[in-house]
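For reference, the chain that follows is the form predicted alone, supplied as structure tokens.
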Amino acid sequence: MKKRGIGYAATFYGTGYGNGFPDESRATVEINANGEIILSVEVSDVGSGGISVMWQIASETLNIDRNLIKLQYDNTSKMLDSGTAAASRQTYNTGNAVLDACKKIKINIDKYYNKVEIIKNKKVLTELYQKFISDNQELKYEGYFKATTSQVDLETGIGEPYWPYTFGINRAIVEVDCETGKVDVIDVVAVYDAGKIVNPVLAEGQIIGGVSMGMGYAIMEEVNVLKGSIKNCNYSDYIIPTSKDMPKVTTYFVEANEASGPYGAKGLGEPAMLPTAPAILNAIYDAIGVRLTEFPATCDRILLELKNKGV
């Protein structure tokens, strides 16, 4: 017999390293004789879409076609330190550094080109370069951003450990087979406040990826360690979700503007995963009345809890 249940879980997650740890990003932007804008920024894209986001921020700020902006991100000898691709910080922290650099060069671009139309022609940038040279204008500008957090006083509880915070809530519908203990996730709805969404398609993909990871954490993935040695080192015995396991995932974004973020954006990396697993466990409880307190909710654990319950 199969039973269905619905579960909810919410999260809030602080952007960046936090707790007063130095959290800095830098970027440079320059105009060259070839009619290109060179944006150099150490953004490591590990699936978060950071490269596209930096490109979009630069193109929007400079009012220049993206194809005229050359992004350098994979050679640390050509760029400044922007910190790691971790703590859901790249869009907020490094995006702010890119924004700062682009605003600085834009001031001088506007002296020679103050039209509303977006710059789409290399010839315009080449002419701008020549005017920069003839007027002894700087060709290269550095942007900088540092997150403002502080350590929490353990005596008083006062402090600003993170800023800003991303908020999210997931609803999961599951189906539990009471004979085998197998759990199938049927449907997930994810609603997030990550500030202004810079790239909606990438943001949706980030949520779907987070749901996949959270689902694996909830019902499949388990590291088996024996005397300090991991016994399931391969995908044949360490099980992760595949496309056939994925439920329908519907995403919604509450685009509350974050004044301190680049164009109102906040982070959306790790928060995308966090509510999924507890939402699934809550749905399992709703379906069969069994409250699991250990991940993952494998068939064996489900059947054991049902047996202990007398089902």
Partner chain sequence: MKTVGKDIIRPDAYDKIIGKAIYPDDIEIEGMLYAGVKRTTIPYGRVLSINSEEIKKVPGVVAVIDYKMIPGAISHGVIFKDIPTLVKDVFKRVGDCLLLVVAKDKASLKIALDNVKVEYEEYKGVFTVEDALKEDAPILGDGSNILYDIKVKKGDIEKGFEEAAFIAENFYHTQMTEHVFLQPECAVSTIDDDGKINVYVATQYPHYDREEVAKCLDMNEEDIRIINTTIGGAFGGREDINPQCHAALATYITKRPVKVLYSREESVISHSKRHPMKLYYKTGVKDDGKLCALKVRIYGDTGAYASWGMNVLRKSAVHATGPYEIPNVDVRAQAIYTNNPYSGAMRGFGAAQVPLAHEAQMDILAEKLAMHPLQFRYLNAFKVGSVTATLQELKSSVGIKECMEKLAQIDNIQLDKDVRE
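Numbering follows the first chain given and starts at 1. All values derive from a computational prediction rather than experimental measurement.
The protein also exists as the form predicted in complex with the partner chain; that form is not presented, and the subsequent description refers to it.
Residue heavy atoms within 4.5 Å of the partner chain in the predicted bound form occur in exactly one stretch of 194-202, 122-130, 101-109, 135-143, and that stretch is 194-202. The partner chain is not drawn, but in the predicted bound form it has a heavy atom within 4.5 Å of residue 206. Using a 4.5 Å cutoff between non-hydrogen atoms, residue 28 does not count as a contact of the partner chain in the predicted bound form. Looking at residue 32, you'd find every heavy atom of it more than 4.5 angstroms from the partner chain in the predicted bound form.
The closest heavy atom approach of residue 40 to the partner chain in the predicted bound form falls outside 4.5 Å. Using a 4.5 Å cut-off on any heavy atom, the residues of 227-250 that reach the partner chain in the predicted bound form are, in sequence order, 227, 228, 229, 230, 232, 233, 234, 235, 238, 240.
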